[in-house]
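There is one chain below, alone, in C-alpha cells, taken in the form predicted alone.
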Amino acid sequence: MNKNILLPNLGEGVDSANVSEVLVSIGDAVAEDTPILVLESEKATMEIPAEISGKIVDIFVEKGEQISTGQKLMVVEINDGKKDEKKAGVEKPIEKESPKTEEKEAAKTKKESKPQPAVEPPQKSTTAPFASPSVRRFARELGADLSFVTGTGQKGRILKEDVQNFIKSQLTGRAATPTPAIPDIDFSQWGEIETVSLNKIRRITGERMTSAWQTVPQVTNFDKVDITELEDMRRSMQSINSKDNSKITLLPFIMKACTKALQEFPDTNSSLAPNGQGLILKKYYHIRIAVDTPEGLMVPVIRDVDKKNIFELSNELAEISQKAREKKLVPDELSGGTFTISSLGGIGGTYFTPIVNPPEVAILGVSRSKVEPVFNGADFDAKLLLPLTLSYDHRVIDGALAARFMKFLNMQLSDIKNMSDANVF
C-alpha cells in the first residue's frame, strides 16, 4: 500500500518555502517522525518529518525548488499492522521513548497552569535535535524549529515544556531569528572584483553582533553635552602630565562620568538573569573600551574604574590599546565587562548607534566634539559640544531610565565640580 506525503501547514503567514536539503533517497526506509526534508522560508529553517513508517518509492521535489502547502513531496510504501514497523527499518535510538514516559510528559503538561519562565534561545544546533516523536509532533503543530530549542531533559533531550518555553520566548520578543542566507550573486558580470577572506576577529565580531541584533530589543537615545570647561581641565592636566609624555584624552573623563552614572542607576550595570525573570546587579565597574586595530575591533576591559584616577586610567588605556593592536591581549583582559564605551571621536562623524554587547545591557557611543553656537537667553555663546548616543536593552532599561541616565551623565561632564567629586585626581 502506497501513501502520499504532502507538505503540511508551515505556520501563520507562511504558504511556501524553498527546499534546502533532501534527506532521503528512493529505496530508503524511514520511521515515523524521521526528518525527510529541510526547508527554508523567510521566517525560519525547518525540518519536515515523515508522517508514517515505510519505504520511499518516489520523490517529487529537489534541492532549490520552491514548494507550497499541500504539495506532494514523496510516496511511501507501507504495510498494514505491526509488520509495518519491521519492514520500515529501525528507529534512531534518540527517537525511542517508552509509552510510560510519554504519558508522564503529557500528564505533566496538562497539570501545568502557570506559564514557565522563558529562556533565551541558543544558536542553531549543528546536531540533530534530541527529542521523542511525540515532542517532534508537538513542535511541528506549534511551528517550532527544534534546532533552536535547548533541551533540559536527560542527556539534553528536548521536552514538551522546552518547546512551550521557546514559543513563549518568541511571543515576548526574545527569540533568535535564523540569519538569512547571503544571496550568491555573480558580481563579476558588471566589472572586475576581488574576493578576500575575513579574518577571525571580524568573523567573530560579525557573529556576535548579528546574534545581539536578533536577540536584544535595542533602543538608542541621543544627546549633546557641553564640555567646554571639561576640555579646559583636560588641557591643564595634560600640561601637568607632560613630563612623562603620556597623552590624556577625553575618554578617561567619560569613563569616570559613566561610572558615576552606573552607580546612580544600578540597573544599567546589570545583566538579565538566564530565566529572563530578574536582574543580576553588579557591584563592580569594569568598562569595556572599543579599540580600532588593523585586525578589526577589539574590546578590552579596564577594571575597577571607580577606584582609579584620570592619570591611572590614561596610562592603562594607552597600555591596553597598544596590546590590542599588537595582538597581545590575554583572555582575562577581554572578559568581565559591565558597560561598554565606543568612541569614534578621533575619526569623525556626528552620531552613530552602537550595538549592545550581551550580557551587558547598555553601550555608550561617543562622536567628535564640535564648537557650536548656544543661545544663553540674550545672545549666543561658542560652546564645545560632544555628541553622545546610548543604546540599551529595552527588556531591562526603559526610555525614562535611559533619559535620566543621559541627563545625569550630561551633568557630570558639563560641570567640572562634579568631575572633582568623581576622584579624577
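Just so you know, these numbers come straight off a predicted model, no measurement behind them. Numbering starts at 1 and follows the sequence shown.
The form predicted together with a small molecule is left out here; the points below concern that form.
Can all three of Arg234, Lys247 and Leu344 be found with a heavy atom no more than 4.5 Å from the small molecule in the predicted complex?
Checked in the predicted complex: all three residues contact the small molecule.
Exactly one of Leu73, Leu146, Ile302, Leu251 has a non-hydrogen atom within 4.5 Å of the small molecule in the predicted complex; which residue is it?
When the small molecule is considered in the predicted complex, the option within 4.5 Å is Leu251.
From the list Arg325, Arg208, Lys168, Lys282, which entry has a heavy atom within 4.5 Å of the small molecule in the predicted complex?
Of the listed residues, the single hit is Arg325.
Answer with yes or no whether Thr350 is in contact with the small molecule in the predicted complex, where contact means some heavy atom within 4.5 Å.
No, no contact at 4.5 Å.
I'd like to know if Val61 sits close to the small molecule in the predicted complex, meaning any non-hydrogen atom pair within 4.5 angstroms.
Judged by the heavy-atom cut-off of 4.5 Å, Val61 is well away from the small molecule in the predicted complex.
Whether Thr34 contacts the small molecule in the predicted complex should be assessed with a 4.5 Å heavy atom distance threshold; does it?
No - in the predicted complex, heavy atoms of Thr34 and the small molecule never come within 4.5 Å of each other.
Quick one: is Leu297 in contact with the small molecule in the predicted complex, heavy atoms, 4.5 Å cut-off?
Yes - in the predicted complex, heavy atoms of Leu297 and the small molecule come within 4.5 Å of each other.
Quick one: which of 196-204, 313-321, 329-337, 260-268 gets within 4.5 Å of the small molecule in the predicted complex, going by heavy atoms?
The contacting stretch is 313-321.
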